[in-house]
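Only one chain is given next, in structure tokens, and it is the form predicted alone.
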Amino acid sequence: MNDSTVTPIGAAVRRKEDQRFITGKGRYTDDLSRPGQAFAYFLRSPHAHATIRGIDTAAAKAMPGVVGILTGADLAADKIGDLICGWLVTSKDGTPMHMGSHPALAKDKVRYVGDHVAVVIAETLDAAKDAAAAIAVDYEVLPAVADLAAADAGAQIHDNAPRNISYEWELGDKAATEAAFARAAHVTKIDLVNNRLAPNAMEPRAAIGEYDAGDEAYTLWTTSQNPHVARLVLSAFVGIAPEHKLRVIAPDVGGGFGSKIFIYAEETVCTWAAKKVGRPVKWTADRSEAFLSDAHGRDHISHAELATDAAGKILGFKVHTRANLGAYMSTFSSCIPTYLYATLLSGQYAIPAIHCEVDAFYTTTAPVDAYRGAGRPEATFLVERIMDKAARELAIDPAEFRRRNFVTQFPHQTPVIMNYDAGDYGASLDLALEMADYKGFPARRAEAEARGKLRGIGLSNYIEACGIAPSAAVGSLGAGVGLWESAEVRVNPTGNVEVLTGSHSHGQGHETTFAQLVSARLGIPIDQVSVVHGDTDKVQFGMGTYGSRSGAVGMSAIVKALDKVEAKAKKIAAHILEAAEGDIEFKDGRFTVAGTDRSLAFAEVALNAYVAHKFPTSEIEPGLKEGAFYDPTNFTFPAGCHICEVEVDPETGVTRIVNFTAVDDFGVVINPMIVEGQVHGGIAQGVGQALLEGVTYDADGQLVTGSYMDYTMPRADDLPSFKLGLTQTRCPSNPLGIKGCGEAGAIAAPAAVINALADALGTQDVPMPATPAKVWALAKTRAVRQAAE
């Protein structure tokens, strides 16, 4: 990268921020120390479900180094409110969802192993741990409810949620769907489990709370994807402090994948406790705590049916899903299995009628909320698995069956809310088939069979809704906030630029791509652009980063602010050049009087903006700084085709991915290098879900997979070199034409992998994660079946 030149959109620029990360100069929450800080350790419930009859802290308080011990009774005495869910979902009978009480420290009852019972604050972390071990809690153990399939028959977890149901929701036209099935020539049925996942970001969650008695103000440093939303919730709903007396800072954050969107008990307690003990309070999770208490993802049980006519055209689709919420509703948990899931059940296909029912249950397990893709992976897995099964039942090639049912005319209104604005699904499929050498697969399968191996190939044609998105739309669906984004562009007198954004970067490369946009637009070197984010005292209110919204929404806000900067700069240039404003042209970093050689560089105009000698300040205010808010008009709809080819050793059950092809339509790409990295990471997580990862609780609600000894993460040798391709249809609903790329791999990969395994093993009953033991059993069943035939 040559930092002295303008960097165009579409250039593969190395990430600016990586220099500090790879040299150990990053600044994460756990790197910070505040003067006089103490350390917090949370006493967590060892039981999945129990009444708290009493908590005796006397012995613990007398131990060396203890600064303070706080419980739910102390929270209640200070009138600190419960943690909230910010999205209202209404049941199909018109009643609102049942929101169970969720105090940051349990008061009368614990509802999962790891639930927060008390916090010990001490001079050292070891002293806090020792004191926690001395706290005596009198529990009356109640029956656990760990099985989602039987949650409605288990012990009641929340008093206001009979049968442990939060809501029974539906979307679509039931009558039209039943009519479609009545005239169907064929019906395909499938039962699937979308396995629960632990997010496992590289950096565990952390928080430091500090109270300034002089200003009566709090500061929270935290690992958050949306610090402004954290401040809003902690002030307006939890009641820690007035919003103007609470500053939230999210410094460098080492990954989130959705798990750092939410407002958790730990940052709530650390902020509140800082005033209680008169000391800054620091907490950093260890990996065991992360497994216990980070919000998990997925966890659905679904039955689906697909109706087709005699020509293989889809007539209707119906789905019934049981969704696990865990013990409490998390910040956005209600919308994940509803508005971010069912609205994508049309996939890339022109399905005339769809009806979906979702029943959401409480269980005595960790809360479940957004995890990379958030509802879209669950929808894609269901759609693409039943598409593959239907194709094989109808004896139609899976690629041809998909092509036969593609949406081809845009805009396209689905039966489940979404209106697809632009796409070319056939182009992505064609390129993916070519790159994967789909036609050559039978020969490769025969060669593998000669070596005693089983080979299979699987497709996954995904679509997702990103750029989450229009405030009026999400408000009508129950969202408690608008989902616009903000930006401010500050041009300094010497011509360099600071961009303040409400988006937050936790691995996506915003400091590069946002600067790249400004470099290309203003014609200045990329090293003259800095990006500021993650601090509520520096950046005007913003909605944060999730749902691949930072490009489509966050960068669009920057574009609006740049429009204002350019418009004002043209006024200034016109006065300096003694020309009419309408005659000023701006291109390649220079303001020129049309038809002449009279011009000024961007930096010259910037300096004049602040010197303010050469224009009337009664007409033009000095300075060059503009802000903007951008509220999108629609979701964006990235789409594509992923193809996985696997080889199975039937003697060991080991699955090897021998080829993986991903062709995506992300609209306009700002930086292809960063996009490739996002796709690689997403595929890795999708493969992890398909083959390796799965959170498991036993019947007593104890977490069985509580460490990396038990929860299997993908490693480098589990993955091949990916073949990546791009097609492009420009998104019409934002000024840059961006669709988003952050979640595509995690959305598409699980279905591609499992479809490939189903092809290799000759059965559609392939569960996730498809571990070697499960695959070995299926291979043996295949061998027995073949011998019998």
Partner chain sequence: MYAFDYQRPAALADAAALLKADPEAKILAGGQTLLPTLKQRLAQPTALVDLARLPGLSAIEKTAEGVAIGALVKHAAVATSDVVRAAIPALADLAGLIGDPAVRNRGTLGGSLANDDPTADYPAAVLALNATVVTDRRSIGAGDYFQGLFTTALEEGEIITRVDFPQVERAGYAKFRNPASRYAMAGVFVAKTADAVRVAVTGAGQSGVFLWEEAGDILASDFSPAALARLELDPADLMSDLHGSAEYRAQLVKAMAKRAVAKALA
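Residue numbers count along the first chain shown, from 1. Note that the structure is a prediction, hence the values are computed from the model and not measured.
The following text describes the form predicted in complex with its partner chain, which does not appear among the structures shown.
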Answer range among 129-137, 181-189, 596-604, 424-432 for contact with its partner chain, defined in the predicted complex as heavy atoms within 4.5 Å: 129-137
Residue (of V654, V668, A350, I576) lying close to its partner chain in the predicted complex, criterion heavy atoms within 4.5 Å: V654
The unique member of D82, D563, D649, E243 whose heavy atoms fall within 4.5 Å of its partner chain in the predicted complex: D649
Residue contact check: P772 to its partner chain in the predicted complex, 4.5 Å heavy atom: yes
Partner contact for R715 in the predicted complex: its partner chain, 4.5 angstroms, heavy atom: yes
Exercise: A443 in contact with its partner chain in the predicted complex, heavy atom 4.5 Å: no
T90, heavy atom within 4.5 angstroms of its partner chain in the predicted complex: no
Residues of 528-556 having any heavy atom within 4.5 Å of its partner chain in the predicted complex, listed in sequence order: none
